[in-house]
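Below you will find one chain, with nothing else, as structure tokens; this is the form predicted alone, and questions on how it binds or moves follow later.
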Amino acid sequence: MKNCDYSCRTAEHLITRRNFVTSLAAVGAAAVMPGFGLFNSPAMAAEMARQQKRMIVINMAGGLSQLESWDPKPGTATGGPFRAIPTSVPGLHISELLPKTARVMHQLALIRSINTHEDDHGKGAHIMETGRRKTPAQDYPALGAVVARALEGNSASALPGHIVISPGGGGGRNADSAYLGPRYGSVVLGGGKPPQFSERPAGLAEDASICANDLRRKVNDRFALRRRTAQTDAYTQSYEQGLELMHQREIFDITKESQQDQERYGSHDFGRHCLLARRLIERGITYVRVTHANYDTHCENFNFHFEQVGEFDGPFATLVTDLADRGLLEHTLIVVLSEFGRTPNINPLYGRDHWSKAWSICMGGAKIQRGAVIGATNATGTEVIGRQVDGGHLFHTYLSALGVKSTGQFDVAGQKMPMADPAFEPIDELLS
């Protein structure tokens, strides 16, 4: 929907609606862009790329209603007008707004008992993105930066390992990797298009470009003999990998996909972005986050979810099916999340407000138990009645599902930094 007058007017939400991520395009211009290794044998490269662990996050920005998606309560005072429908998992029902997703639920799992204790957009998003509370004492890296660093190590490649796909995204790099350094900051894409400025200007001959870069390398090498730092290394490497990225820019171009696939995913932004996410992980990108907005439905909650969840359903189910059919789902963690859920009580404007006390997310692939349901809420969805979890538990679980020891640490300039908040642990019963 183009007009979002139903949303709250907090500063964080207004920034989100204006795609604030693109305003950070200039941050970390000296960043290095990691991705996947290149191998001598094409067959080996293809197999290694297929088996490489990776992650896709679909962020339902604004706060998806759990009652109109993963934890419906039809026939109750809080349930709203929509029915619950059976899924491919016996006994498991989800909202009737997700008929296609219902058919692939045997590939997925639900967590219905999340309580993050935070109803503010910015703070809630921070918890879900970092697994930690905001604190003035320390900035923490985003999930994508942690996953890219943990899975890629110190490997270097032309492709970024941490990509955010958002309407209006233009190819800039975000400052969301904190102490992990600019190399793991996210690159923002949008519209199913390659990054901006990844093509040599028409007026610049290839020979001239080669000569200019040869000169740059010589100057950089001379400078490094006396004043080399981590920052100058990142600056130098960003140019080298930027050049390689120009040679591989078609990886980001979904027009290279078949017309049939483009039609299956849909012609709207979300469909194109899901197809781009599939294309990227097939080619070794470690982490891709797709944004679907805007779920902040303080009024007309039901009309909006009817339209927006309906748009989500087809491309998401197609993505899950494609990953499974191509043998990628066992190596790819896929998560559908928000910064919180919506209130069970319906307000006078037929809306639902912010609700972090009892809500749900969907996930699957990698080491996640297929068809599992973790936790539960009471009959009206007002509180958790079994296996309550917080954002820290989720963060540990994501890493564990990818085969990463979530209690591990990063070595940052000799200082040990925990990958995930040590106060929490993984949801072990969700892991295979």
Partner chain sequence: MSADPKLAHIVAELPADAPLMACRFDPTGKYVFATSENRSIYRWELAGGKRIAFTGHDSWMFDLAMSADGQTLISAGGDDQLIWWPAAADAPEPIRKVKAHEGWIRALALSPDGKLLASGGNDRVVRLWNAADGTKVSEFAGAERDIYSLLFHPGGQWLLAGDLDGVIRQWNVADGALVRTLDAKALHVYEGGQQVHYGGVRAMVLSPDAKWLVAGGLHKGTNPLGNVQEPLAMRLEWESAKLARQHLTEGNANERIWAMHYHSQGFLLAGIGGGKGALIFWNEGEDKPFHTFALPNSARGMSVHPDGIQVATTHHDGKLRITKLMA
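Source: prediction; values computed, not measured. Numbering follows the first chain given and starts at 1.
Here the subject shifts to the form predicted in complex with the partner chain, a form of this protein not shown in this document.
Partner contacts here mean any heavy atom within 4.5 Å of the partner chain in the predicted complex, and among 258 to 266, 293 to 301, 175 to 183, 330 to 338 they occur only in 293 to 301. For the chain shown alone, G122 is not a contact residue for the partner chain in the predicted complex, no non-hydrogen atom being within 4.5 angstroms. Proximity of R83 to the partner chain in the predicted complex falls within the 4.5 Å heavy atom cutoff.
Although the partner is absent here, E307 sits close enough that one of its heavy atoms falls within 4.5 Å of the partner chain in the predicted complex. In the predicted complex, no heavy atom of L92 sits within 4.5 Å of the partner chain. Comment: the partner chain is not present in this chain, but in the predicted complex one of T232, T135, N213, N347 has a heavy atom within 4.5 Å of it, namely N347.
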